[in-house]
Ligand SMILES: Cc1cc2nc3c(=O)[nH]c(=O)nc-3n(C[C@H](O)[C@H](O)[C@H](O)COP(=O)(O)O)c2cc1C
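Take a look at this single chain, the form predicted alone, given in structure tokens.
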């Protein structure tokens, strides 16, 4: 089944609040073809002209299509905000109806909307009537194991005018624990006529292929597995499209990528904020390396960028020598 024309791949970088910002999106896209979705953008903050939220939603500087993800629970605010999101360069609109985080759910947004199908339908319908941009909905298996309504919810989204859907194979109460249910993804795929993207437990190009074969979904979305591995998304595209499995990244290439990421964070946020943000990314990039735990404990206490770069050099030089010995 054909995805909307602005999508260049079957593989999506998942929207992750506080993570998939412009620097990470650009870095991920630099490795090759994939579809990019912004961080979650709160419609009430956009409607108040919140400068920070406006900056998150502004994707005009990116030279590839970006789908902007919106979250909220008031249909009228979506109608007010969508034209602004169009002006800020969005190539598509995604509505988050799957976020399980307490702050979002308590605001009756995200996965809460799976318990209020009438309101969810009103939001989708009014957004559909407001924009010609491709419209997608991201949702979950259901609220909990006793309230699984993904098939019913997907049919509603289709009836209200969504162009494609993304389903995470866990319930709200499961958060990100346990094993994603690929069976429910297959059930939803069989029940609708629009494309479906599968999300959950895709950790490699091979598992992406397994999900597509098992569920017959039209694409895959990768989130946590790409943390510290921004090359994974394009590598998965390459494998799905051409059957080519990329070689593991060398220690030197991992270091180069991490330094590119830190420089991009500095350019976008300024050095002080970049160093604070780099602490979590460095932990992800160094996962599995020798003495990574000790390095992380030292790195998170560094308050000066120049010293941080010295410690990065030292750590990667050490690992390179260990690999050669």
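Predicted, not measured: the structure shown is a model, and the values here were computed from it. Positions refer to the first chain, counted from 1.
What comes next is about the form predicted in complex with this ligand, which is not displayed.
In summary, among the residues 215, 73, 235, 96, the only one with a non-hydrogen atom within 4.5 Å of this ligand in the predicted bound form is 96. The single contact residue among 59, 262, 286, 40, judged by any heavy atom lying within 4.5 Å of this ligand in the predicted bound form, is 40. This ligand is not shown here, and in the predicted bound form it never comes within 4.5 Å of any heavy atom of residue 81. This ligand in the predicted bound form is approached by residue 224, whose closest heavy atom lies within 4.5 angstroms of it. Interface membership of residue 24, defined by any non-hydrogen atom within 4.5 Å of this ligand in the predicted bound form, is ruled out.
Taking the partner from elsewhere, residue 17 is found to have a heavy atom lying within 4.5 Å of this ligand in the predicted bound form.
Relative to this ligand in the predicted bound form, residues 69, 138 and 201 are all within 4.5 Å by at least one heavy atom. Listed stretches are 113-121, 189-197, 168-176, 83-91; the contact stretch with this ligand in the predicted bound form is 168-176, by a heavy atom cutoff of 4.5 Å.
Along 265-304, not one residue places a heavy atom within 4.5 Å of this ligand in the predicted bound form.
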